[in-house]
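Next up: just one chain, as structure tokens, the form predicted on its own.
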């Protein structure tokens, strides 16, 4: 088998600022052991997120120069609308400045006390916007997805039996919508099968509950369907995406992921009444419906990126580059969520650092060590991000303790990835000496962005 090379040539470069381990000790201490509080210039390899961190193509940069900045009815909007509509076949396309803005609008209108939003797994901002609206988010991940070391093709699936039972118990009238995240970010970047999406859609139709897709990484998910699900091997990614969206009543998307854009997102739906309400709130909070908080140049970049992301040469390289890290970690027994997902490697911090309990945040501790060892910045997806407190103030741990190393699209080369694997392995060798953390400052919502820690 030939080496899978990057399906692009590099035209512009950005310098990396190198630090020493002694410098990083002070940097991490001054950031209160929170990667979000580290200055970007002090990071050597930045895997905090794949959101908005992609390298745009020459075509996207050309599109930026063509951007029509008219306040209302710009040409850029209509090109954007046509592209989204061709993929989703949804009637109403509403641009927003990013995914969480779409969530804020949607859940502000549909949420409220006594309401429940059901998902395979909600990510942080999605859950926060649901809770801010007074509602409750319920995760119903399939059993396979709860076992990090288990090899299964679609570990991002929603538990269909639990979904129908939950609708019956909570009452369909109290469930504004069911939303499936593709790929399942909190669950290890794992894909959702087409059969699971179709079955979930049928259950929702049975109880007259709207069914939405969180489409941030729809193209990566469609590539997994093509590779792993019978009947799709000869279909194009575009055709698979069209079928995926055909089962949904609407979708949200952060275009900062699978559209290669540095900013942007959208809401799409078929319900005219809901679309009218969303547009009304959009005007108050984001902008006119044909720009939605974005410059025309950003709408152009998104429209072009949505087409580029469905190119199979790119997706083959993208998925293989993530597998490549997994292969290196397997060679020395580093625990991570298997198989590797579409956009990131998720280290299993609970198995990596079994001597650190969830109440001492093993994922956060592992993030700190990766930065100290090699200037690699990742993010904790565990009890810091998703933990709760009970009535007595006792910590309710998250189901899994993970560290996500999200790979920006078209940014790093194989040598960068080799370096990341070496850093992980070096930390793994001295894992028994790593200590946990305690929180000394936190906010009520999305605490992981600004929390401060002390090393125990």
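Numbering follows the first chain given and starts at 1. From a predicted model like this one, the values you see are computed outputs, not experimental measurements.
There is another form of this protein, the form predicted together with a small molecule, and it is not shown here; the text below is about that form.
Proximity to the small molecule in the model of the complex holds for none of 54, 57 and 409, with the criterion being a heavy atom within 4.5 Å.
Although the partner is absent from this view, residue 254 contacts the small molecule in the model of the complex, with a non-hydrogen atom inside 4.5 angstroms. Although the partner is absent here, residue 185 lies within 4.5 Å of the small molecule in the model of the complex, judged by heavy atoms. Taking the partner from elsewhere, residue 125 is found to have a heavy atom lying within 4.5 Å of the small molecule in the model of the complex. Although the partner is absent here, residue 286 sits far enough away that none of its heavy atoms falls within 4.5 Å of the small molecule in the model of the complex. Of the candidate stretches 291 to 299, 91 to 99, 318 to 326, 142 to 150, only 91 to 99 contains residues with a heavy atom within 4.5 Å of the small molecule in the model of the complex. Taking a 4.5 Å heavy atom cutoff to the small molecule in the model of the complex, the contact residue among 306, 197, 216, 269 is 216. Exactly one listed residue, out of 181, 383, 157, 76, brings a non-hydrogen atom to within 4.5 Å of the small molecule in the model of the complex: 181.
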